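For reference, the chain that follows is the form predicted alone, supplied as structure tokens.
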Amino acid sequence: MTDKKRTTIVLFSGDYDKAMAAYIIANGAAAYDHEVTIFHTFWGLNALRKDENIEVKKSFMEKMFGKMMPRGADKMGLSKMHFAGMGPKMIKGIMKKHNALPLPDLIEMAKEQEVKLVACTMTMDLLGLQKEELLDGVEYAGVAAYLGDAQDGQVNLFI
């Protein structure tokens, strides 16, 4: 019996298209029977935010970060050609026309394939994000846990 291959991805970007790439790769690797971890840090945490407003106690600065960051995967902007919000609408229209799954569906697919979705606890503290604001089924860990997964990884990506 051979050891299972491992793929790890650091999702640092909060851009819709880059998060899509991370989740497409993760789902593809999981389909090829890899153990997959996506470590969400800094702006990549926005992919894990719930769409609805969750009432939690926050400091003034934490509230400001919460208002400035997109709430949920479907609200993230594009890395290029954002065009004051028109770019994301255009790309989502093209994706729908070609029957491509939107980011929220790719996240659900990753969960179904047992991709380990990890939220960086240090970044959560810095940005004032709390567990209640993130999707169910997310794990919480620091960089040491990611490095533990990555050291045995055959594929390690930073997006």
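Just so it is clear, the structure is predicted and the values come from calculations on it, not from any experiment. Quick note: we count residues from 1 along the sequence shown, nothing fancier.
Omitted from view is the form predicted together with a further copy of the same chain, to which the following refers.
Only one segment in the set 109-117, 36-44, 130-138, 49-57 has residues whose heavy atoms sit within 4.5 Å of a further copy of the same chain in the predicted bound form; it is 36-44.
Within this chain, D125 lines the site of a further copy of the same chain in the predicted bound form, having a heavy atom no more than 4.5 Å away.
With a 4.5 Å cutoff on heavy atoms, L103 does not count as touching a further copy of the same chain in the predicted bound form; it lies far away. Contact annotation for 142-159: residues with any non-hydrogen atom within 4.5 angstroms of a further copy of the same chain in the predicted bound form are V143, A144, Y146, L147, G148, A150, Q151, D152, G153, Q154, V155, N156, L157, F158, I159, listed in sequence order.
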